[in-house]
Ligand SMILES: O=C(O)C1=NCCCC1
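Consider the single chain below, provided in structure tokens and representing the form predicted alone.
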């Protein structure tokens, strides 16, 4: 009720309450609602950022209002381009959930699990929609928290016979392998990891291209998650210009994605356009899903966490 202090939900509890099997269907529905451009469904401005120049990072503000669903939230997220060997996190996030009628803050929750899982969930949706039927080989470039969440989402929701991983530091890749629940092959180079792969996930800290089009087999699907600034890149011009490019948000990609901006390519469609049946899924072609992350993804994840918390707290 209005005036009551907000619920505080820490990382470990968020992790216990949020699961892909409930989250991914809600994310898919939310992506469709966003792309309908109906203000009663989703109002979400492009993320605004404040540079943290001294620390090589940015503060991002991501408000969202879903009128029909009665959901109002904002995420405060700091993201950094850390140097090799840094022990500091590359992302730190907090999500605030509010009552849209009163403006009262209902919950403050750790946003790092939400960010990791909703991002991986959106990438898994992109693969479900865009990868070729019978895809067998998954390659993951990078071994941070996003790599782990993508491994979990992709292996839980999809089926692969082989998973490969690459990191610029081999010990990072070996540590990643020990942390996951299934077999993973450590590769010595990006080329070795992606040659013949059906689905490629890029979750690196790189600001320069690490994935070259000449290594990617025709018809592969790439979920590009890193390089979230206009002057940062993970994919080279060859790949971007060869592929059909999809995004979570067209406006977000044109404002924030160096992979899109610097290659000069056009975004063919949003994932929501495919979900809504407005644009086709070109499964037979090489496809790139450029993920920037959206407030509506945080909103549905946070609302799900809050509902699960209430059900647990009041034994509903």
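In this text the structure is predicted, and so the values were computed from the model without any measurement. Positions refer to the first chain, counted from 1.
Only in words, not in the display: the form predicted together with this ligand, which the text now covers.
The candidate spot formed by 74, 98 and 106 lies out of contact with this ligand in the model of the complex, as no residue has a heavy atom within 4.5 Å of it.
Partner contacts here mean any heavy atom within 4.5 Å of this ligand in the model of the complex, and among 153 to 161, 77 to 85, 178 to 186, 192 to 200 they occur only in 77 to 85. Within this chain, residue 138 is remote from the site of this ligand in the model of the complex, having no heavy atom within 4.5 Å.
At the 4.5 Å threshold, heavy atoms of residue 62 reach this ligand in the model of the complex. At a distance threshold of 4.5 angstroms between non-hydrogen atoms, residue 126 is out of contact with this ligand in the model of the complex.
This ligand in the model of the complex is approached by residue 228, whose closest heavy atom lies within 4.5 angstroms of it. A single residue from the set 33, 250, 26, 47 has any heavy atom within 4.5 angstroms of this ligand in the model of the complex; that residue is 47. Using a 4.5 Å cut-off on any heavy atom, the one residue of 117 to 137 that reaches this ligand in the model of the complex is 118.
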